[in-house]
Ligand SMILES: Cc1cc2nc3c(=O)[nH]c(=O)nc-3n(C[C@H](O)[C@H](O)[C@H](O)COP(=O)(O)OP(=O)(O)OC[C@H]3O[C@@H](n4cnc5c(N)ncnc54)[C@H](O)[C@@H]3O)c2cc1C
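Shown below, as structure tokens, is a lone chain in the form predicted on its own; questions about how it binds or moves come after it.
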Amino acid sequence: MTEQRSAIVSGGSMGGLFSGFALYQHGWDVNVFEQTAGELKSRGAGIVAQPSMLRYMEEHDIISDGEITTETNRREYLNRDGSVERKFADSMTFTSWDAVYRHLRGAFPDDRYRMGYEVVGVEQHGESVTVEFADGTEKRADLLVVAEGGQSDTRKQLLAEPSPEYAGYVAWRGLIDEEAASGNLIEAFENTFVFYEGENELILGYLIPGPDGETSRGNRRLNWVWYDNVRDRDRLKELLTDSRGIEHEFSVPPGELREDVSGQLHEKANADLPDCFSKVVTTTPKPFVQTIYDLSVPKMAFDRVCLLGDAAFVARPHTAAGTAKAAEDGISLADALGNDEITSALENWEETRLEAGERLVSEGIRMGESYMDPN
């Protein structure tokens, strides 16, 4: 009888959960370790529900067909005065980060998901890998999956370069509960993916499910993203300094924007945006900001350690595929390992996933430059 193989997954967000679940389904003794001690919360909220991700979740009874998704059947681009510049039929399916996370987390064995464990060191020993945690404990396994996100410290241990590269603009983001928004405002986004393209800026909005995947009227949320050029580093530093005076590197979480920054955001919305979008921005209770950056790695496999999801590639949100790519990384990893020798299986898996990551990052750069390039 073949001895059960073991895996440690560092990072309990999307990439970590999908890889942990897929490995567990393939018979691995797998444990997921997340450094956050409390409940994970999305700062992005709305995501495009790519078919491959939904299909996998349905096939493994994580969700039912049509569950946790909203749909639009047309796309509209507005003029500054709020009139429709152009519109066309376009079918899109959306979901929310928290709904996907909660259903996936509920399907993964609770005793195999550990919170409050930060990986601080990794050492390989031939046919095993040892992980050291911040509390001084160590655990050994046959495989380490690094799914720690774009700021991964373990990636920095494995690769001195690269580091995330700022793209020259930020994304303001926010959510409004449907019950807190006016009927006219919700009507503007009903079944519609709405855009406004200004001068070197872009804002878009759509309806998404509630936190647990609720899709009935009154229980949805209005999700918006506003891309805004911020080339000046001093201005960027100002935006990333929160209400407590703490300067963040990549984002300021919901509820922590300084009052003067929130005020500037509202002023800019009223000055620059069509009425429906200015109302969305100014009535959002806890908007937040995140920098847009690119990240690509030259390697994903390191003997018995691999990088996946945002720990390897961060593509700009315009691609609408970051979450789906993290899911595909994890699912394809479990499929590739099979009963093969781990090192060679990782090398074969790496070849296809490097290509997919590079392609997605390049597409994000192309799309971003078409929207946001000031030249």
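Predicted model only: the values in this text are computed from it and were never measured. One rule holds for the numbers: they count along the sequence shown, beginning at 1.
The discussion below concerns the form predicted together with the named molecule, not included here.
Among heavy atoms of Met14, some come within 4.5 Å of the named molecule in the predicted complex. When the named molecule is considered in the predicted complex, Ala320 lines it closely, a heavy atom lying within 4.5 Å. Within this chain, Gly149 lines the site of the named molecule in the predicted complex, having a heavy atom no more than 4.5 Å away.
Remark: Gly46 counts among the residues lining the named molecule in the predicted complex, judged by a heavy atom distance of 4.5 Å or less.
Contact with the named molecule in the predicted complex, defined as a heavy atom within 4.5 Å, holds for exactly one of Glu85, Glu118, Glu238, Asp303, namely Glu118. Interface residue among Leu346, Ile68, Val30, Ala326 relative to the named molecule in the predicted complex, by the heavy atom within 4.5 Å criterion: Ala326. Only one of 346 to 354, 47 to 55, 60 to 68, 332 to 340 lies within 4.5 Å of the named molecule in the predicted complex by heavy atoms, and it is 47 to 55.
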